[in-house]
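The chain below stands alone and is given in structure tokens; this is the form predicted alone.
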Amino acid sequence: MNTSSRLKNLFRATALLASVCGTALPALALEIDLPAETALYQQSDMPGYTLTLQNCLMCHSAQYVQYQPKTSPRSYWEATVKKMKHPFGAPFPEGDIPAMVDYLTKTYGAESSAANSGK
């Protein structure tokens, strides 16, 4: 039996005991060790690079961007960034959107050298 199964069984047994005794369940703290981040945004002198580091990495890794189709047009990146702001609620200023879209489109999208070279 693996550790995950043991923890589930322990939790179930504790919940059963608590329900029989009429007591509340104790809070169980779990420690989770995540692997180190390996994906990085491609460096750039564009203002959107710094804004993307500040605004995007707080919620997801750079891999999210790297897995998008290289042929994605500016309208795709704009819609994606706006979706992160509304409805997902990413806490960055509306004024950051144009520079971030410019960086993402020119670095990862249809305006990038990779998209234009057919790679």
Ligand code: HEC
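Throughout, we count residues from 1 along the sequence that is shown. Being a predicted model, the structure only gives us computed values, none of them experimental.
The same protein has a further form, the form predicted in complex with the named molecule, not shown here; the description that follows concerns it.
Though the partner is left out of this view, S72 does not reach within 4.5 Å of the named molecule in the predicted bound form, counting heavy atoms only. The named molecule in the predicted bound form is approached by Q68, whose closest heavy atom lies within 4.5 angstroms of it. Though the partner is left out of this view, Q42 does not reach within 4.5 Å of the named molecule in the predicted bound form, counting heavy atoms only. Mapping the unseen interface onto this chain, P93 falls outside it, with no heavy atom inside 4.5 Å of the named molecule in the predicted bound form. Residues of 57 to 85 that come within 4.5 Å of the named molecule in the predicted bound form, judged by any heavy atom, are M58, C59, H60, Y64, V65, Q68, Y76, W77, T80, V81, K83, M84 in sequence order.
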